[in-house]
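Just the one chain here, laid out as structure tokens, in the form predicted alone.
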Amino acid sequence: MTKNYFEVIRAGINTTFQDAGRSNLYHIGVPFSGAMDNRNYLIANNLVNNDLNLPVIEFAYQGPLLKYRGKKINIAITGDVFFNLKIDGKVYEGKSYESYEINNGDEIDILSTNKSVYGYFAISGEFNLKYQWGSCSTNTRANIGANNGKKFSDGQKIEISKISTFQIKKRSDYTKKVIEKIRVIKGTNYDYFSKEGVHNFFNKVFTVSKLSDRMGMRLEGPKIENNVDTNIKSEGLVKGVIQIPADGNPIIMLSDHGTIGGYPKIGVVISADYDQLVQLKSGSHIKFQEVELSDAETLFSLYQMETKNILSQIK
């Protein structure tokens, strides 16, 4: 009989297990997956004193309502999230970026994200999960990863295999920076697009459509004109690449993207801006800025240094 577990009273929207993802499998059609917002994922694990690469629960827009059964455990939620804790029968408003001690019978009600899409829930211990290709990350379109490759469902039990014996209260003062533009480097088919199309891409405003998920983000706005061919032989894709189909509306490939595609690619979102990109809700506005590859490398190094500094200051 399972001694420590969460009962899922309400599953929430697109609630899955995610970790650092799986690499070096593009050649067999398996994308990286992993947590959409890597920095918030790392902070969540740090707040409960975990190994930073352990799986957490990722949710979008509305999170799960969980009832805990078991021994004392610490939990933490990261992201711009509204949630309540029901502890000893009393309801408290929770704060993101802060760890909490819960006990048998307590509840966590993750009501919604605020001005963002994704949030993360971590425990001071380990979920009882099966690894696939070195990762627990769930890709629901391919049924890959933990929970049989599925989203959470109402009534299921989330078993805990291990609870940390070293549980301490921690908090972070992290606040997300707002950047005016999403920076990109040129894509492999950049020369396919007209001068007007390129001008529109880097100077006009685009809107995130409702047709966005972990696989990709569709944008609406000025059409990006293609002078060569709107359909090419399928070739490899990477996370963050921006494809332009025949209708001229950009599609940005995200963490669960297909590994090949036949639409011309105008650019690739730099890794340093990916966390910011994925947190843009439908209806949000985007402007793009071109940077050189060398600049993208420098910006990613700065992003990594900043992340390390944020983690080191959590106490």
Partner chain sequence: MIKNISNLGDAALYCDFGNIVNRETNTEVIKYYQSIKKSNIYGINNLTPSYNKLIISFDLGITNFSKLKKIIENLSINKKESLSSKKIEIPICCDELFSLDIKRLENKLNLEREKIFDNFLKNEYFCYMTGFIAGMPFLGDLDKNMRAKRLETPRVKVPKGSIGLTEQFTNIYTFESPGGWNIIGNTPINVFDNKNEVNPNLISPGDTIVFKRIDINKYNKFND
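Just so we're clear, the structure is a prediction, and the values are computed from it rather than from any experiment. Residue numbers count along the first chain shown, from 1.
Same protein, other form: the form predicted in complex with the partner chain, not shown, and the subject of what follows.
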Exercise. Is there any non-hydrogen atom of Y61 lying within 4.5 Å of the partner chain in the predicted complex?
Worked result: no
Exercise. Contact between L280 and the partner chain in the predicted complex at 4.5 Å, heavy atoms?
Worked result: no
Problem set entry | 4.5 Å heavy atom contact, F32 to the partner chain in the predicted complex | yes
For this session: With heavy atoms only and a cut-off of 4.5 Å, decide whether E235 touches the partner chain in the predicted complex.
Result: yes
Problem set entry | Region of this chain that lies against the partner chain in the predicted complex, out of 256-264, 66-74, 281-289, 37-45 [heavy atom, 4.5 Å] | 256-264
For this session: Tell me, out of N84, Q156, Q132, Q167, which residue has a non-hydrogen atom within 4.5 angstroms of the partner chain in the predicted complex.
Result: Q132
Exercise. Which listed residue (V241, V198, I182, A146) meets the criterion of a heavy atom within 4.5 Å of the partner chain in the predicted complex?
Worked result: V241
For this session: Between 11-27 and the partner chain in the predicted complex, list the residues on our side with a heavy atom within 4.5 Å.
Result: S23, N24, L25, Y26, H27
